[in-house]
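The chain below stands alone and is given as structure tokens, in the form predicted on its own.
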Amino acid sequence: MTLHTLLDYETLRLIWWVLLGVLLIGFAATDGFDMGVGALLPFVAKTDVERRVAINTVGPVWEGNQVWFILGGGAIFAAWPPLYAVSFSGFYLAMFVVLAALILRPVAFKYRSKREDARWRNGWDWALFVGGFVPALIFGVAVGNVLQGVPFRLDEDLRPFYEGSFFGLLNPFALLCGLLSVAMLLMHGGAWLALKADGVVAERGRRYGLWAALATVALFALGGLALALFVDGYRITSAVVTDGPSNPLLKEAAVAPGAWFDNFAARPWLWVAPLLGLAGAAVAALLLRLRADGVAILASGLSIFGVISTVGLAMFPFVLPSSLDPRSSLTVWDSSSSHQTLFIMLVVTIIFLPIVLAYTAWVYRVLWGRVTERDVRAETGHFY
């Protein structure tokens, strides 16, 4: 017996679907507050010192937080090759915009304080704003388009053909999802500033975080209503083979109104996810109002968990539905790597993911504490 047969193919596929969700949630919950702080920077900080306070709340951790983004991309590439091929090629221009915005961020961090010139620093501050706002918006827009179905098809040789356009992605429902993503990360960034900054920066972060949390509740509820009334879902109409070959064309699928709510109807306990999304944001707003900053950041993280989990649970087992040819839609059961590949990757993950988590926890513990204007003015050389 070979080692990879210790876990059956169906279980491994399900495990990697869960792990992909964990990586996406980890990225949103960690690098999310980095992007939120960047997007809030022009509004929570008015002077150079105040902006340096805001920047240095994320300065020690933003590079490590990006590891989750890299891990997520790597997991898609290795565990779900068809998903990687279709999404990264079909959303090529959108991904290019995201990467360009993310590239601005490290450059801005490193170069902002190289000169004392106010125009120089102001320019890099707006680069940090772009590096936070644009990815948050486009990630949400991408999710909105996935929920509606992506215009691609597979030929008989499983070659993907994408027939959409960049501006076609900017439809009303997708933009609503983009605004939800922005509000969610602004809430998280505001809660982070309230926890890690001091003085007026923390106060403004608390205020903007509160309003963003309320916007998250409203936009998430509005998105759910729009999904129920205006956006058709997808369901498999043939026999579901969970341990078969990775060939999406072996199944039949169809577009159906309300199909994205099938899983919630069959398993009512799944409603816990959207309730967490709503309740987490509402509680975060209340806690920010009460100045309970340490718990508010946990509540905003819980909201992020609930929102992303809701999307994954609604779509399961679909990972990328096709609006051109529902049969070409990619699912958990027909778009994964081989049984042996998934097992080897799982072993590697079991070994190294705890190391990543332990190191991340250690970094946060060592670098904990508020950033004050006095610290920044001290010019110790350890601040951006």
Partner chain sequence: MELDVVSLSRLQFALTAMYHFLFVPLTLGLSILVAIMETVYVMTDRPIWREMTKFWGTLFGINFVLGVATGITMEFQFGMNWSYYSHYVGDIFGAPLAIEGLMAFFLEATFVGLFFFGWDRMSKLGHLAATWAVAAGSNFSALWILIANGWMQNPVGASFNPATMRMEIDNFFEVVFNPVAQAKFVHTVSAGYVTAAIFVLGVSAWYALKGRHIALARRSMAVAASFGLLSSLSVVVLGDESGYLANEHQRMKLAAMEGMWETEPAPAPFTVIGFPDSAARETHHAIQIPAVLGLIATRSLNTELPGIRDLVASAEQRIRSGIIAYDALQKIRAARGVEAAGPEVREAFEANGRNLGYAYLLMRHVADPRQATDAQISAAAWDTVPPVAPLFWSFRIMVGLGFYFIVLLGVFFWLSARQRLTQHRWLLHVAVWSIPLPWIAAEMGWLVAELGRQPWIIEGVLPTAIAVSSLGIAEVALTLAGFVLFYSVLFVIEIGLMLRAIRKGPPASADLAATLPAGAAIPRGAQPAE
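Positions refer to the first chain, counted from 1. Not measured: the values here are computed from a predicted model.
One more form of this protein exists, namely the form predicted together with the partner chain; it is left out here, but the text below deals with it.
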{"item": "Distance check, G140 to the partner chain in the predicted bound form, heavy atom within 4.5 Å", "value": "no"}
{"item": "Partner contact for L324 in the predicted bound form: the partner chain, 4.5 angstroms, heavy atom", "value": "no"}
{"item": "The partner chain contact at V18 in the predicted bound form, heavy atom, 4.5 Å", "value": "no"}
{"item": "is_contact(F69, the partner chain) in the predicted bound form, heavy atom dist at most 4.5 Å", "value": "yes"}
{"item": "Options 177-185, 90-98, 295-303, 141-149; stretch whose heavy atom lies within 4.5 Å of the partner chain in the predicted bound form", "value": "90-98"}
{"item": "Site check A28, I308 and G312: each within 4.5 Å of the partner chain in the predicted bound form by heavy atom", "value": "no"}
{"item": "Contact set, 130-168 vs the partner chain in the predicted bound form - heavy atom within 4.5 angstroms", "value": "E156, D157, L158, R159, P160, F161"}
